[in-house]
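Here you get one chain, nothing else, as structure tokens; it is the form predicted alone.
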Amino acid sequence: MRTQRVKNVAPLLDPADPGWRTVPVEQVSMMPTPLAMQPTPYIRNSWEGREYGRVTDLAVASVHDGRQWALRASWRGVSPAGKDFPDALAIALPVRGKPVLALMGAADAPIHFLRWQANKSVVASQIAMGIGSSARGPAITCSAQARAEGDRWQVVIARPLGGAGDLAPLVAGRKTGIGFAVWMGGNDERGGIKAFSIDWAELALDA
């Protein structure tokens, strides 16, 4: 997945900005997280036979301007209003080592998540070192703007380039991995009940 360098990311923080039309879009396949990977017997038993992880693919585009990175994700799955759980999107980036995305990392190979929820105006920074281990992540200035058009979400999440400590590095001219998770709140999806990309996609930032 190429991250195109642009003069200024700021206008592209709006998911409807026409500048996104010139940015290459890639499709990311999604699948339901296996019930065997759920952290408790209660979750495994209560979701046995129920359909979940309904989002089958994301359309993703990515840009940076040397200071800030922005990713636009679009998918079909806007839940009706009034549901108990929000629609949500998480971006996963490896911090260090060689974390297994499907296992949500390990103690020596953590994963940094940026999570947007339809009912919140802020992006949550989370760190994971294994399944069921998500905790508050490093402080970072990031933003999200979302737009529902019919049954389709368009969400732009942005953060600064760089990285240190538990903040996943994003550096112009370098490559890293990226993964995704999507929750359909209208289907009661939350926690580990979601659609996810099972392995890392390559994220290459223009120099």
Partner chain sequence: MSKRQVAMVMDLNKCIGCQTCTVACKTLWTRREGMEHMLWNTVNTQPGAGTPHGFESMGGGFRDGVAQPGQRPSVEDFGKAWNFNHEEVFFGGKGEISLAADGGKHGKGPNWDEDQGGGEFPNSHYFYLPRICNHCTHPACLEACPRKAISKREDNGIVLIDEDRCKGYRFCQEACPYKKIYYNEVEEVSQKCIFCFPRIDEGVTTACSRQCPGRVRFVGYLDDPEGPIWKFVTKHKVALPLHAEYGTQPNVFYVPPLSPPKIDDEGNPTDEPRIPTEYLVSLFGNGVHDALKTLERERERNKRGEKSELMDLLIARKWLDMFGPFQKHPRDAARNRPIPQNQQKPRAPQQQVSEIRFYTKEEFKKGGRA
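Numbering follows the first chain given and starts at 1. Here the structure is a predicted model, which is why all the values come from computation and not from measurement.
Just so it is clear, the following notes concern the form predicted in complex with its partner chain, a form of the same protein that is not shown.
Enquirer: Counting only non-hydrogen atoms and a 4.5 Å threshold, tell me whether Thr56, Gln154 and Glu202 all contact its partner chain in the predicted complex.
Expert: Checked in the predicted complex: no contact with its partner chain for any of the three.
Enquirer: What is the one choice in Gly173, Pro41, Gly49, Gly150 with a heavy atom within 4.5 Å of its partner chain in the predicted complex?
Expert: The residue from Gly173, Pro41, Gly49, Gly150 that makes the contact is Pro41.
Enquirer: Would Ser143 count as touching its partner chain in the predicted complex under a 4.5 Å heavy atom rule?
Expert: Contact with its partner chain, no.
Enquirer: How about Pro11: is it within 4.5 Å of its partner chain in the predicted complex, going by heavy atoms?
Expert: Output for Pro11 is no: heavy atoms all beyond 4.5 Å of its partner chain.
Enquirer: I'd like to know if Asp84 sits close to its partner chain in the predicted complex, meaning any non-hydrogen atom pair within 4.5 angstroms.
Expert: Close contact exists here: in the predicted complex, Asp84 approaches its partner chain to within 4.5 Å, heavy atoms only.
Enquirer: With a cut-off of 4.5 Å between heavy atoms, is Ser74 one of the residues that contacts its partner chain in the predicted complex?
Expert: No, Ser74 stays farther than 4.5 Å from its partner chain in the predicted complex.
Enquirer: If you look in the predicted complex, which residues in 122-140 sit within 4.5 Å of its partner chain (heavy atoms)?
Expert: Counting only heavy atoms within 4.5 Å of its partner chain in the predicted complex, the contacting residues of 122-140 are Gln126, Gly132, Ser133, Ser134.
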